[in-house]
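So this first bit is one chain, no partners, the form predicted alone, shown in structure tokens.
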């Protein structure tokens, strides 16, 4: 069993093209010998965003705090604390902070085998 305060997990800058002010904490991953899912905490600064992209795995997202939008390339949907987002495999998606504070969300993804 792993029990840790999330603040003890290093926040790493997300270093992809078309990303602005996004950090990720890998809370649970294959490094913990998790066989199926990884749990990540994203922290997006004011005005920051993830890339608009697709991939062949799903995301399950839970918004913790802040104000943001989910963009699917055609429309944006407002997000706030308590919102749950499912991103299907190969669905375009981007998360953007539209507030004045950090936009935080948990994102679960399958672990590649």
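Numbering follows the first chain given and starts at 1. Please read all numbers here as calculations on a predicted model, not as lab measurements.
FYI, the form predicted in complex with another copy of the chain isn't displayed, but the following is about it.
Proximity of residue 60 to another copy of the chain in the predicted bound form falls within the 4.5 Å heavy atom cutoff. Remark: residue 91 counts among the residues lining another copy of the chain in the predicted bound form, judged by a heavy atom distance of 4.5 Å or less. In the predicted bound form, another copy of the chain sits within 4.5 Å of a heavy atom of residue 80. Using a 4.5 Å cutoff between non-hydrogen atoms, residue 72 counts as a contact of another copy of the chain in the predicted bound form.
Across the proposed site, 5, 41 and 106 without exception bring a heavy atom within 4.5 Å of another copy of the chain in the predicted bound form. Along 15-40, a non-hydrogen atom within 4.5 Å of another copy of the chain in the predicted bound form is carried by 27, 28, 32, 33, 34, 35, 36, 37, 38, 39, in order along the sequence.
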